[in-house]
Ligand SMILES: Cc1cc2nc3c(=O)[nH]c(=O)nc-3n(C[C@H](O)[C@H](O)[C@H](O)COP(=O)(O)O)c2cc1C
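Only one chain is shown below, in structure tokens, and it's the form predicted alone.
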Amino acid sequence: MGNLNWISKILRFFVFIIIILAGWFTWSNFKPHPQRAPRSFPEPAKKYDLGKVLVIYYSAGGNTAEIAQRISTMTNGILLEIKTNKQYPSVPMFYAKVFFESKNKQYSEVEIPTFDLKDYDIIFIGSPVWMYTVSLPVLSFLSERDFDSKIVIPFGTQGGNSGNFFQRFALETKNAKLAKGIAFNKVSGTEPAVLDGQISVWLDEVEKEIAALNN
């Protein structure tokens, strides 16, 4: 009899947990993915002459947008945002939705202002890291493009692990000369001046690599 009481308690506990999780997933499904307010940055200590630069990005919460804007400022680049027709929910339903769509290759329809590759020498492309790889809107964008031997430089924003982000990016980027990419970790928790320093260190390396690719 004692064993039955323990089993009953354990079952009630698991039912309670399931109800809590179901409520959490349902709540998050109706709550849009949070947007972070932009921060103020100082004038960059160094600017880079890399030629005619285009910075294309998709940002779900604001982190990738922040990096893209700083790259644009430091390189005097044109900034273009990838927009999607889908509204992504908050965590945890966000991860469930991304996992399902990734598994079934349900890429988003995306919108981006018209641009001509011939007008640019260097193209930076930024994406958040979703489920250890490139975000679905950026994958959708890449699937529709041929980069015609242009130099393309990826950058990502992540919470801790970039997984196969750069391998997948390279696989999906058709006819591009890829330069060294970088994933910025925990952008919102990094002070603007420190973030600028990280971008500058990376752009110093990119500058040398571009010179090598152009020779």
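Predicted model only: the values in this text are computed from it and were never measured. Numbering starts at 1 and runs along the sequence shown.
Keep in mind that the form predicted together with the ligand is not shown, yet the notes after this line are about it.
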So in the model of the complex, does any heavy atom of residue 173 sit within 4.5 Å of the ligand? no
Would you please decide whether residue 141 lies within 4.5 angstroms of the ligand in the model of the complex, comparing each non-hydrogen atom pair? no
Even though the partner isn't displayed, in the model of the complex is residue 179 close enough to the ligand, meaning a heavy atom within 4.5 Å? no
Can residue 132 be called a contact residue for the ligand in the model of the complex at 4.5 Å between heavy atoms? yes
Residue stretch of 77-85, 110-118, 141-149, 123-131 approaching the ligand in the model of the complex, non-hydrogen atom distance within 4.5 Å: 123-131
Contact set, 134-160 vs the ligand in the model of the complex - heavy atom within 4.5 angstroms: 157, 158, 159, 160
